[in-house]
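Only one chain is given next, in structure tokens, and it is the form predicted on its own.
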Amino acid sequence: MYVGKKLLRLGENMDSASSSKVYRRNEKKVFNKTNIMLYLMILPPLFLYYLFRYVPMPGIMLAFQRYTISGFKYWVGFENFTYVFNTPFFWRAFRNNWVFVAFSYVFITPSPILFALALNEIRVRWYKKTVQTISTLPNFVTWVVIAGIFMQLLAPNRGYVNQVIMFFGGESIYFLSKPALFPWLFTFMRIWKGVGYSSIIYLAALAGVDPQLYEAAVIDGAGKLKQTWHVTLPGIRSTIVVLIVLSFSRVLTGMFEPIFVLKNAYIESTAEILSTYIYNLGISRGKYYLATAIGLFKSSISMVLLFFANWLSKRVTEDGRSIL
């Protein structure tokens, strides 16, 4: 009986030792049964990223040569950059780009934070879920559809907004033909489209704030505003910093589609940005060398901003760690 128990224990130990050896052997393998499907799932996006990001990179050389539809002409060095920097249209697009960037960080960036804070205070569960769902839906609508919706709403005669204005005795306003008004309208459209979806991340961060901190703040006599300022915002500060830092990489690249579908000849002075200017030069006018030069200049600025944001994150985060 005793010998049988010893043999049984010895068999169990051998089984556990062999299984641990198999586990360690699988750990050393790059591909095994547990992770092979994960690698297969990531292959399509990696292939697309390589196809559209790395394969076109030799085309950067077009910025330093004269190249037309018929092919390569001759090398020009930095003459393309000199020509572009001496055109007023480039600097107008460059200025408009930074105007939209400033509007983004002043109005669009705080909007999902404020919206998430407001949703977090709602105690009726079904109402909170309904508001969150409705506010998230516009994010899944393309800019072409959104542009069509706002064109109908803001139409001079038949648009609902102008009908309300004329009902109260006002005159019809051509909203999408006023250059000074377009940056504000475009910023409102971007907020309406993305505020619900962007607030999801902040709502998840708010769920991780320790409730005991709020109880301590109430005991100390802090109201809702002070609780938000001294407890809530510091609790989600790391999330805010990470999202702001990541947004620096697409500061000059994320507005082509909406601007392209909304821009017209009347508002071109304030609606033209670098991306649409590159499209007009390269696709519409066939000046690929100038478009490539502007694109390379724009990418260089984005890279500098990304490194600056990474440096800034070291100064802002509590542990002093960078994002990259």
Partner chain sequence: MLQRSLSEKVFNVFNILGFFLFTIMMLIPITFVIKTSLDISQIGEVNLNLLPVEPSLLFYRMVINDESVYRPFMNSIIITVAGTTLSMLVNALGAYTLSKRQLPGSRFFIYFLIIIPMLVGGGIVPTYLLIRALGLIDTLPVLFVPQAANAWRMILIRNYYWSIPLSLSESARIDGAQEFTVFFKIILPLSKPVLAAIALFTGVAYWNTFMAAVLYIRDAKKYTFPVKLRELIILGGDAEKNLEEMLMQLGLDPTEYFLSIEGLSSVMMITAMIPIVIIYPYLQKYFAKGIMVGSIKG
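Fair warning: this is a prediction, and the values are worked out from it, not measured in the lab. Residue numbers count along the first chain shown, from 1. We call the rigid core whatever largest set of C-alpha positions still superposes within 1.5 Å between the two forms.
Not on display, but discussed next: the form predicted in complex with its partner chain.
Its partner chain is not drawn, but in the predicted bound form it has no heavy atom within 4.5 Å of residue 270. Within this chain, residue 140 lines the site of its partner chain in the predicted bound form, having a heavy atom no more than 4.5 Å away. Taking the partner from elsewhere, residue 152 is found to have a heavy atom lying within 4.5 Å of its partner chain in the predicted bound form. In the predicted bound form, its partner chain lies farther than 4.5 Å from every heavy atom of residue 177. Between its partner chain and the residues 166, 102, 244, 213, the one pair within 4.5 Å by heavy atoms in the predicted bound form involves 166.
Stretch 123-131 is the answer when you ask which of 102-110, 123-131, 179-187, 81-89 has residues with heavy atoms within 4.5 Å of its partner chain in the predicted bound form. Along 245-263, these residues reach a heavy atom to within 4.5 Å of its partner chain in the predicted bound form: 256, 257, 260, 261. Once the rigid core is overlaid between the shown form and the other one, residue 285 does not reach a Cα shift of 2 Å, moving by less than that. Annotation for residue 71: C-alpha shift of 2 angstroms or more between the shown form and the other one, rigid core superposed. Residue 265: CA moves less than 2 Å between the shown form and the other one after rigid-core fitting.
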